[in-house]
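Next up: a single chain in structure tokens, the form predicted on its own.
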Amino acid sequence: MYVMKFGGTSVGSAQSMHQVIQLVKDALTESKKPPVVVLSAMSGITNKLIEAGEYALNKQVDKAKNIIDQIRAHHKSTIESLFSEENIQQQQLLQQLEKYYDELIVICQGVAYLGELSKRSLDAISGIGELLSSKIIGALANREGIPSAWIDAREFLITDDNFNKASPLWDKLIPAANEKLLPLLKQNKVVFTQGFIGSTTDGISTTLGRGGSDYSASIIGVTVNAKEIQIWTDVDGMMSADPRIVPNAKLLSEVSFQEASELAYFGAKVLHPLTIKPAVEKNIPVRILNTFNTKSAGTLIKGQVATNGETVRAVATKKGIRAIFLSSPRMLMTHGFLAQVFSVFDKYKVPIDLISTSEISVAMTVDSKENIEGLLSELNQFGEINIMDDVAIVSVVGRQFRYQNGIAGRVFNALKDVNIMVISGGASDINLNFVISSKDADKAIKQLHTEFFKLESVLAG
């Protein structure tokens, strides 16, 4: 059984929705077992929903309603295009969606009245887009004769109450999925559901964070013991570099779970960083595929891959982050000092991306914008703090770096004209990370790609 997740661009128009249905038909033909289809909101809709919430916060309810009307009109136009000669289906579907628009208006009015856009309220608003798109595609599947069922993911994807970035509660989720999902699959029905959204044990709507539809697909893949989790998007797969920076970047046909995790976290936007975690734990392969180029084999992510003598596989960058430098003589030959420092990060729930230490200083990078003021204020008690904003992490990802001579030399030779502020290597056998100014990030990626993929670069001209 496959879990097929389709991103915002894959469901962004009537034409692309037809393509989704064709891909579902192909999957049915190939596997003979119905897939679970996980759907994102139509491209751009989540941003509009958040915009409506922000207008409501500023007590501009009329503007919030105008955004909701725009969302209604966009989906109405899509429905009319898909069901152009079926007025009854059109009207039924449009009526089904009205309850979501009404819900949005009520929430926005509440936000305006209270003058507060809480994370809980934002989740209730921003998760509506997936419900709208999945209703449309579910109806299209029925029209196309696909035995199918639509289900609200909030009925089974049970999470904690960490709104905006909820985590699955597996002890609750598995039984709920067994009750709600498995009977439908046993009836040989394709299940259409939503990514990104879930609910607490009390039935309060949550979201898994931006990009969380990938995560949803992985969670669902684990619950149904999927043969493969497919992430359908608008690119061919994971590349040796961001093709927007390096046009001649090459497609990676296979990557390991470790490599994919590093690339996803350090800038490979094709995949949400959390996607890999549940799949790794259950050893379920993840395949990235292009909805608009079905001839491409995509990228297969699995536990073990053949090395083929390769060392460096890809380079990636994560821009717009903050570097924190803490210096203190108290670190010298003292045990427990770093534990105290890291306990502050734990207190404020700020994750650290990269760490590098010396005898009396430690450098850390953070991507979080929340709780930073409190964090920095409390860190001051440990020593002198220096901050550098708008820096970038560049990550060189490969294989068996500890056993290869000259990798670091080639990296730093390629970057001899780039100022490197922090270096972190050795913690992992598969990557070398360093911090530079964000303005130098694209230049660094281009020069590193040329260094390690010279043949491809030369052939590309």
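We number the residues from 1 along the sequence you see. Since we're looking at a predicted model, the values are computed, not measured.
The same protein also has a form predicted in complex with ligand ASP, omitted here; what follows describes it.
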Checklist entry - Considering ligand ASP in the model of the complex, which of V36, A52, A41, V435 comes within 4.5 Å of it through any heavy atom? => result A41
Checklist entry - Going by a heavy atom distance of 4.5 Å, is F192 a contact of ligand ASP in the model of the complex? => result no
Item to check | 4.5 Å heavy atom contact, G211 to ligand ASP in the model of the complex | outcome: yes
Item to check | Close approach of F156 to ligand ASP in the model of the complex, 4.5 Å, heavy atom | outcome: no
Checklist entry - For S424, is any heavy atom within 4.5 Å of ligand ASP in the model of the complex, or not? => result no
Next on the checklist: Counting heavy atoms only and using a 4.5 Å cut-off, do T46, E130 and F196 all touch ligand ASP in the model of the complex?
Outcome noted: yes
Next on the checklist: Within 4.5 angstroms, counting heavy atoms, which one of the listed stretches 346-354, 98-106, 212-220, 364-372 is next to ligand ASP in the model of the complex?
Outcome noted: 212-220
